[in-house]
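Encoded as structure tokens, the following chain is the form predicted alone, with no partner shown.
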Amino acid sequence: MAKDPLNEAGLHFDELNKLRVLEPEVAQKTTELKEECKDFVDKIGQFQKIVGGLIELVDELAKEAETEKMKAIGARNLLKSVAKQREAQQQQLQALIAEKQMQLERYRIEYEALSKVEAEQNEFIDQFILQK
């Protein structure tokens, strides 16, 4: 086969008989690579959208977790506070019980003393009546 002077000069004809600088195979592979790159860029864009959505979801979940954590801390502190209040109230009630028991003991002693005085006075009255 005779050498084509155009091929030697680096010029080629494509399937539409247009004059090209690249060989048809190289042009076809370049077009295929361009399509693959476009698909790759599209897939990367989709991946970025998915990752962006995932990041937003994770951020939202983190905020919710932080909110629940703060609620739990608040509830725990409230529970501790209520426990301390109950303990203080229990101590106050125990002190009140001790005070009332002491008062009861005083009243019992006073009652016994008054009962003795009454008995003595009744005896005195009985003796006084008998002497008349």
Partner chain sequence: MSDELRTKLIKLKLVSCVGWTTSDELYSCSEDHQILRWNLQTSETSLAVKLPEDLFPIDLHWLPKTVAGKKQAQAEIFVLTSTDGKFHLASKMGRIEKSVEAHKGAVLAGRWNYDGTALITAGEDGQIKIWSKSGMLRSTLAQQGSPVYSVAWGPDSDKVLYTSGRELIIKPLQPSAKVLQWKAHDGIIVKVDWNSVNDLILSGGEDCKYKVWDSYGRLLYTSSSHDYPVTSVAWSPDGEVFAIGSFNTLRLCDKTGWSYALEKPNTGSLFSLAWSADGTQLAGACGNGHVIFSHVVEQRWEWRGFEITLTKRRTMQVRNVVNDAVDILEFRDRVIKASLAHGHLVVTTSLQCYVYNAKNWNTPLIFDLKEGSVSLIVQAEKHFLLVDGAGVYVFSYEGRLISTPRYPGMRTDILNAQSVSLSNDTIAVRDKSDEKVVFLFDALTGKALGDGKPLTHKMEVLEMALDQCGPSSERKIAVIDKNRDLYLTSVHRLNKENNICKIGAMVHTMQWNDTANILCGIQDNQFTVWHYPSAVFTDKDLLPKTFCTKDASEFSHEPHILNYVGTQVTVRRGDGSLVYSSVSPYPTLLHEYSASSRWEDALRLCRFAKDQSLWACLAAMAMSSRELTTAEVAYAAIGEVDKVQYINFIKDLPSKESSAAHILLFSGHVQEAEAVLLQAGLVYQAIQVHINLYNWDRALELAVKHKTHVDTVLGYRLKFLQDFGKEETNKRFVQYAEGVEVDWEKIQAKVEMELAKEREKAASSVRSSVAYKR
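If you superpose the two forms and keep the largest set of C-alpha atoms that fall within 1.5 Å, you have the rigid core. Every value quoted in this text rests on a predicted model; they were computed, and no experiment measured them. Numbering follows the first chain given and starts at 1.
Unshown form predicted in complex with its partner chain; subsequent notes refer to it.
Asker: Using a 4.5 angstroms cut-off on non-hydrogen atoms, would residue 91 count as touching its partner chain in the predicted bound form?
Answerer: Taking the distances in the predicted bound form, the answer for residue 91 is yes, it comes within 4.5 Å of its partner chain.
Asker: Examine residue 66 and determine whether its closest non-hydrogen atom to its partner chain in the predicted bound form is within 4.5 angstroms.
Answerer: Taking the distances in the predicted bound form, the answer for residue 66 is no, it never comes within 4.5 Å of its partner chain.
Asker: Closest heavy atom of residue 40 to its partner chain in the predicted bound form, within 4.5 Å or not?
Answerer: Residue-level check for residue 40: no, no contact with its partner chain.
Asker: Verify the contact flag for residue 55: yes if a non-hydrogen atom of it lies within 4.5 Å of a non-hydrogen atom of its partner chain in the predicted bound form, no if not.
Answerer: Residue 55: no, not in contact with its partner chain in the predicted bound form.
Asker: Tell me, please, which stretch of 94-102, 43-51, 58-66, 74-82 lies within 4.5 angstroms of its partner chain in the predicted bound form when heavy atoms are compared?
Answerer: Selected stretch: 94-102.
Asker: Whether 26, 33 and 36 jointly form a contact site for its partner chain in the predicted bound form is the question; each needs a heavy atom within 4.5 Å.
Answerer: No: none of 26, 33 and 36 comes within 4.5 Å of its partner chain in the predicted bound form.
Asker: Would you say whether residue 49 is displaced between the shown form and the other one, judging by a C-alpha shift of 2 Å or more on the superposed rigid core?
Answerer: No.
Asker: Would you say residue 78 moves its Cα by 2 Å or more between the shown form and the other one, aligning on the core?
Answerer: No, because once the rigid core is superposed, the C-alpha of residue 78 moves less than 2 Å between the shown form and the other one.
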